[in-house]
Every structure is written in C-alpha cells, then in structure tokens.
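A single chain, nothing else alongside it, follows as structure tokens in the form predicted alone.
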Amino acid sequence: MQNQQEKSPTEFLNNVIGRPVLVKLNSGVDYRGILSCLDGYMNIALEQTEEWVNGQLKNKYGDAFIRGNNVLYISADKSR
C-alpha cells in the first residue's frame, strides 16, 4: 500500500507543471525555471530559465527547450 506522500513519477511531473523545477543534465549543468510542458521523451520546456554551472549563475533565458536524452533528473525547486 502506498504512503500518502509517495507519488508515481507521472503524478509528480503532472503536479509540478507550472511550478519552479530544477533540471539536472548528464553534463552536470543545472537549469532552474518554471516547467511549462514536457512530453513522453522527457523533452522539457522551461520559462524564466537560469543556467547554473558549478553552483554559479551563468545565463538567464526567457524560454528554454531541453532534449530529454540529456536529462539526469527533474526535482521541485524549493529555492524559488
């Protein structure tokens, strides 16, 4: 039986659309922004995107599109 706080990955992703997320790439680069949408291949569209490299803010983008095969993980971004 599932605990109330446990969610499937699909439930988690549906719940964070429109909210701040952290997207970690296989390369180690982090992108933080508002999750606009994603598809079954984990291709991601972010709004108000910030690019972080080694803990330092490198760039800001209005919109960003990230190809799913580059994504290591997506997490809710509590810092925004």
Partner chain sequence: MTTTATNQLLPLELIDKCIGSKIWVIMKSEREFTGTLLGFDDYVNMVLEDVIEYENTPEGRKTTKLDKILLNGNNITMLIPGGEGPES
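Please read these numbers as outputs of a predicted model, since none were measured by experiment. Positions refer to the first chain, counted from 1.
What comes next is about the form predicted in complex with its partner chain, which is not displayed.
- Taking the partner from elsewhere, residue 68 is found to have a heavy atom lying within 4.5 Å of its partner chain in the predicted bound form.
- In the predicted bound form, its partner chain sits within 4.5 Å of a heavy atom of residue 72.
- Put simply, residue 9 is close to its partner chain in the predicted bound form: some heavy atom of it is within 4.5 Å.
- In the predicted bound form, residue 64 stays away from its partner chain, with no heavy atom inside 4.5 Å.
- Contacts between 40 to 66 and its partner chain, taken as any heavy atom within 4.5 Å in the predicted bound form, involve only 42.
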